[in-house]
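Next up: a single chain in structure tokens, the form predicted alone.
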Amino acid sequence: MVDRWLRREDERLLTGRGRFVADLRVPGCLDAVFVRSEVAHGTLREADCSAAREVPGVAGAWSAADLPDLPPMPDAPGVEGREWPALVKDRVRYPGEALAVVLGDDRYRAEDGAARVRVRVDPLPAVVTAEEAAGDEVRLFEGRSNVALRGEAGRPIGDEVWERAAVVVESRYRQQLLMPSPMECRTILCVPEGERLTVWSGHQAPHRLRHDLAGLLDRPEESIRVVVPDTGGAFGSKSAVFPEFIAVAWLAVRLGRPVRWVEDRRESLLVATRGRGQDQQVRLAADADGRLLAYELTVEADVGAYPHLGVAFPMQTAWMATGPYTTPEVHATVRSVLTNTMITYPYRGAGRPEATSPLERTMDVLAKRLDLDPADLRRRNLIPPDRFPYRTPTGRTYDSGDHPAALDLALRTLGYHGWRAEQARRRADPAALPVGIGLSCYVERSGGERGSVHDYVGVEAGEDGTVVARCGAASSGQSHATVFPALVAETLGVEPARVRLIEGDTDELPGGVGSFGSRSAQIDGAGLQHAATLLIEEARERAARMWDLPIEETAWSDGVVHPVRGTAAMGLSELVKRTGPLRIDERYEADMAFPFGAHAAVVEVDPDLGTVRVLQIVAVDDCGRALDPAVVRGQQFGSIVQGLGQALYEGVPFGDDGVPLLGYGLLDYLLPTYAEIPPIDLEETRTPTPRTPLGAKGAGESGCIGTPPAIVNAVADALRLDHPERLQMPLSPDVVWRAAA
């Protein structure tokens, strides 16, 4: 496409003209505040809302006992016998679970009312890790095991494989619980309008939300309209229906009044979805030349208090366990375990960072055991370009790639040999702080699983010369309003300013899948290109009939149709005026793709203080065809910063009672700021996917996948650690100091 487009949405957003759910002004709107449990696990004895109802400006207050018909959360795998109520009925299962809801004329009055709700919960023992919960000493549901799902990928590996290996490395790792932390927390505004209900929400999948709400409210889907206004980030955390959404929608319909809930930051830290949360055990075998023989991964996944959509996502880790290597035998097993925490749900990468980290960390340990350079060990095991499409032992079929080229470019960009020389110099100087170099090669899966790798798209030409593009995506900051019109304009040969995008509105399309899993460019972008191509073919057919020519004797260029021979030409505007509306609507079907790359990091460590200073990060990512390189670079950069956060800063700490120790908000849950961002070099290789004519793969999650293990490997290298278990993320000064001792 083009090297750079100014983002269309930037001027509006940067000048304060954005339109978020909290900005919408709706007459008679009530604000919702939820009364939340202060314990992680307990028996609800009382939730008395009577005093709250007497507070001036409070329109109502309800507990579960006051709303016996309030529906629970929708069913999901493993739900049987484990219902998730919208408001706690009898048992609290995670800290902050909603006990009651108060509606006020504004947020302040609702907060005053919430403070008057009298609750009493008898505490029960809490379990907050999968290891604690898997033994079932404390059961979240009576008569039901805490293990909600078991799965595997690949086939069990025979003992003889491990016995004949020259080296077998075993280790354990922890993928800590993370907060997605978008700038805008979760939001919903429900506006009854006669027989219709309009729902405004910063959501990643508006048609899914409409479907879920229709089922919960027992009304036809066409009676609900879901609109996604400007949305301040999501990272996977806004792609479901939530208990608070059910209560808000139910009360809006029951009262016949608009009701809004805007989650604040304190609530978000307590009850928003979590990411990651895995305890992992690995075994990796190689021959004397460093050729990988077998890899075994065992995952105990903390999926939170209720088996919701996130219960099956650890299988992504199992399916992607092979990574970018030609390991002949790979076997991964998964147990999803319920704990007394808010649910674990897809967070930027959703299973792929959890697969990459243990493999890449263990590769460095294997290199040390074999006395090989970590780059050389990787290079001799990477999938060669001529092996694509490549079928992995876990059942994935990688579409395209050149992994050695990505690794070599990362090493050149980093100045790998120069840093190794500097490392040797410092090791010879007792007064110098040590430096370490860490590598990470990864494969990502983008687009979604089969059965969801499709979307609804449309392109319509108007009499005034404008073009409307429609798709089932929903932007939460990915620059759809810039990239998609430019793509349609390029395909049609018109100016991008003539193309307008409509998305995030269920009234505009018969269906839509949404934006998650790095699918927007790969699926919706390819679909819009396809729809625009079909529009061109329809325009040629109409012109051929008008000119009494075979369609083969018409052509399209620069936004006009013309005879192959002759001077007549007709633009879209004139064609529509003369032949009627010109619109293409399609359900576009594609397939998953597999972006990949190589990341490298250099760190300086002070063993006495436990501090880590990242000196350089290099990221070489391959997303096939980059539709807008500037936007792709922004996605890479943001994802790397989030990966930096997982490696060094972020993690949900718990007290002995199971309640998160986040009383001081973002002073307790540390996010990297501008001051912590090191020099970052972004490079790319390009191997377009052959699975769509567009050739684009997902680009938004690479940094969360490749960066954390590169940083941790670099710290381990600086400290010359023999065993990786001594370093578990986040690498706080205390963790590093203890590892160095």
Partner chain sequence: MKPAAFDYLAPRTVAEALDALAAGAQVLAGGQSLLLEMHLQRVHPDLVADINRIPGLDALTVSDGTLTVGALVRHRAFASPGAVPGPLGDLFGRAVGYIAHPPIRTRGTMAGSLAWAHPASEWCALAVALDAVVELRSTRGTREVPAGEYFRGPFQTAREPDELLTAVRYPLLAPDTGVAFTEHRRTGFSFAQVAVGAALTTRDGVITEARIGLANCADRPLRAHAAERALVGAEVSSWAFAAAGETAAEQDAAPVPEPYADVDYRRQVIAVLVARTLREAVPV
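Numbering follows the first chain given and starts at 1. Values in this document were obtained by computation on a predicted structure and should not be read as measured data.
Missing here is the form predicted together with the partner chain; even so, the following discussion is about that form.
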Contact assignment for the partner chain in the predicted bound form, among 122, 463, 111, 136, heavy atom within 4.5 Å: 111
In the predicted bound form, the residue from 211, 107, 625, 369 that sits within 4.5 Å of the partner chain by heavy atoms: 107
The partner chain contact at residue 255 in the predicted bound form, heavy atom, 4.5 Å: no
In the predicted bound form, residue 84 touching the partner chain (heavy atom, 4.5 Å): no
Residue 569, heavy atom within 4.5 angstroms of the partner chain in the predicted bound form: no
Close approach of residue 413 to the partner chain in the predicted bound form, 4.5 Å, heavy atom: no
Which of 465 to 473, 190 to 198, 663 to 671, 372 to 380 lines the interface with the partner chain in the predicted bound form (heavy atom within 4.5 Å): 663 to 671
Neighbours of the partner chain in the predicted bound form among 581 to 615 [non-hydrogen atom within 4.5 angstroms]: 606, 608, 609, 611
